[in-house]
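In structure tokens, one chain follows: the form predicted on its own.
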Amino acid sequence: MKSNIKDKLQKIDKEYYSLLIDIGKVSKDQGLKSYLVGGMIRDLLLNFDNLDIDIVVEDNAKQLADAIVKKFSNCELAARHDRFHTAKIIFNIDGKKIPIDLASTREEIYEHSAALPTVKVSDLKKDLYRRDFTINALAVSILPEDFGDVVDLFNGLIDLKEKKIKVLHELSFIDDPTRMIRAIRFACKLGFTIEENTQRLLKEAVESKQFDNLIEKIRGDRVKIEIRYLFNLPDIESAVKAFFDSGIYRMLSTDLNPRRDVVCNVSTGDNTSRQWLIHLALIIKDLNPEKQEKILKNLQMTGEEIKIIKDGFSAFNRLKEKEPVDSIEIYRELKNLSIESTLIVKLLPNTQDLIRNTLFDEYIEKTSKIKLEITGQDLITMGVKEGKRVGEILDKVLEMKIKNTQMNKNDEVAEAKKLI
């Protein structure tokens, strides 16, 4: 029985829906068959929000991209990769940029396990067959005559209904071992179970040990991307537990200690995109600095990401040597740290006593938000020369205000005058 999800597509953002209609019309005019694919379909069927538009074209994405850019003045070609037969276009609608990824239907040939695949243009069936799991191997036509028709060649709709993560073929994890992390992630994110045969294949791949220390053998950023998604999940307890229980932690390093005390819930406020760095830091905390450095470099972490983790470790080590500590000492160590570095310090084991925990919570919730009313310009007006001394006085006054939060601007001025 043919399935159609036009009714669900009509409920997405109207601008995105209109773009799908328009692209489908251009595709028909060009004599091309185009399909919506990827996570957007899966999430639509699960009633999740997802507006990442990925379109596959039989068999010329370049032709469709050029035709769309030519037809719509508010659309530009942002990128094109001939090797992978892909293109990215961006629509500008009333100042809002909407990116759309286009790809020719293609197949992937892996010369050896974990290699980057050789890509060649193929048909829709082979394109869907190269994907990771059946629930991600669905396609939906965007052509006018059958808009919304679902192409389900591998029973992905059944697996969605039965809440199963299932690979499409026996060599899936061998071809691309990062799919093992993805299987764990989707299971945790969606509350699905990994289908029995898929679980067997994952276990066999881990136990073969051919993927131990994988980040030393392939481009580490491929693993980093999956780790980032996994450790940014809201249910971090399930994510970390599955990471260790499955054995896929060995892909990062066989030196890791699969302890459960790294599991914790954290809040980084509005910016949750970097909370994965906190969990990665807690996972590598027991390794010596050389091994930590090796993992971070092999993952191809950015300088900023490495700094966040190293700043947390360094502040932790300095505080560990200072006993006892008070709110001012905590402030001095943490004042220049990011919220992620601060949470790394707070969550490392030696700072888990009640007194320090209270001081950390006080810093995060109160002390870090205390601001002076006086400024550097006020000090210069009082006669302080521009330079380092201005900052030193402001820091001293702020420390006084931390001890006495009732201070007002007049009090701050009075204390600053004493220091001049």
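What you see is a predicted model, and the numbers here were worked out from it, not measured in a lab. Don't overthink the numbering: it's just position in the shown sequence, from 1.
Form predicted together with a small molecule: not shown, discussed below.
Contact annotation for residue 186: at least one heavy atom lies within 4.5 Å of the small molecule in the model of the complex.
In the model of the complex, the small molecule sits within 4.5 Å of a heavy atom belonging to residue 222. Contact annotation: residue 39 falls within 4.5 Å of the small molecule in the model of the complex, judged by heavy atom distances. Residue 386 falls outside the set of residues with a heavy atom inside 4.5 Å of the small molecule in the model of the complex. When you look in the model of the complex, the only residue of 275, 246, 292, 136 with a non-hydrogen atom within 4.5 Å of the small molecule is 136. 54 is the sole member of 395, 362, 66, 54 with a non-hydrogen atom within 4.5 Å of the small molecule in the model of the complex. In short, of 279-287, 68-76, 176-184, 211-219 it is 176-184 that has heavy atoms within 4.5 Å of the small molecule in the model of the complex.
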